[in-house]
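Single chain ahead, written as structure tokens, the form predicted on its own.
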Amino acid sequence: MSSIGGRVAAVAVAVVVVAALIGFYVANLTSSPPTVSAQSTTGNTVELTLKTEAAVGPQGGNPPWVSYLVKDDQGDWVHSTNFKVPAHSLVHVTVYQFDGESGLRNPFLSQVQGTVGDTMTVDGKLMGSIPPDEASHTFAVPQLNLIVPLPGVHEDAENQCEDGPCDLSQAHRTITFTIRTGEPGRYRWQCFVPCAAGFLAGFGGPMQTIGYMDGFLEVA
């Protein structure tokens, strides 16, 4: 009986440990970072400035994870993927892209969609699409039919940033685009490039964690 009781106790302890780990994992996935508002400019236009880093470093709770960051109205970079923009306005987005090329599994995502003119600029050049194998990330809001592919830093570029915080003296791509917001709402956005190194199929970890490669666009 004591042997059976010992096994039962061991199983009970294992169940408690597994439940605690699952709870911690779910809490980590669903915990919400602060919401950062776009910066007002003139008229009905605001500016939203983002960057992507191959490894967020000390700025985030998981230093090796790939991540987005956003600039606040004080000019500081904030580790958050929750952005607030006004309804019925133009949002001019600038993305400083420090990560390398990963490639898309679905070429459909290499087409710019949902921006003003269905275009973006990459390092000052107007573009409507990129070669699928040059993509590093995407900024996509499915509910708004918005897809913006972000080309990566070429592998032979000098002075690349491997760990954040990255700055503009290091190799990067500059992507700009403008979106027009409509009615108020809370819209989920996501990166659809499998860029989570070390995770199954590249879609685990930071790819499914708010604060890294997905978040919410608050239109208010």
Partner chain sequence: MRRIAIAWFVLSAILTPIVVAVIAPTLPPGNATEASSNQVFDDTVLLGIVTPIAVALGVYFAYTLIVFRRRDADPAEEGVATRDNPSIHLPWLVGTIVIVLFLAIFGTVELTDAGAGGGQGPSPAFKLSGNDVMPVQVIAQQWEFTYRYPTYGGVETAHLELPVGRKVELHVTSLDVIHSFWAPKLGVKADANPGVDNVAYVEPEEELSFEIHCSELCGLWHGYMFDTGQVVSGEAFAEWISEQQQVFAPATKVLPKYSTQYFPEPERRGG
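Because the structure is a prediction, the values reported are computed rather than measured. Numbering follows the first chain given and starts at 1.
Omitted from view is the form predicted in complex with its partner chain, to which the following refers.
Peer 1: Thinking of its partner chain in the predicted complex, which stretch from 68-76, 86-94, 119-127, 143-151 has heavy atoms inside 4.5 Å of it?
Peer 2: Result of the contact check: 143-151.
Peer 1: Verify the contact flag for P194: yes if a non-hydrogen atom of it lies within 4.5 Å of a non-hydrogen atom of its partner chain in the predicted complex, no if not.
Peer 2: Taking the distances in the predicted complex, the answer for P194 is yes, it comes within 4.5 Å of its partner chain.
Peer 1: With heavy atoms only and a cut-off of 4.5 Å, decide whether S110 touches its partner chain in the predicted complex.
Peer 2: S110 belongs to the contact set for its partner chain.
Peer 1: Just checking whether E183 would be counted as a contact of its partner chain in the predicted complex - the rule being heavy atoms within 4.5 angstroms.
Peer 2: E183: no, not in contact with its partner chain in the predicted complex.
Peer 1: Hey, in the predicted complex, does E218 get a heavy atom within 4.5 angstroms of its partner chain?
Peer 2: Looking in the predicted complex, residue contacts with its partner chain do not include E218, since no heavy atom lies within 4.5 Å.
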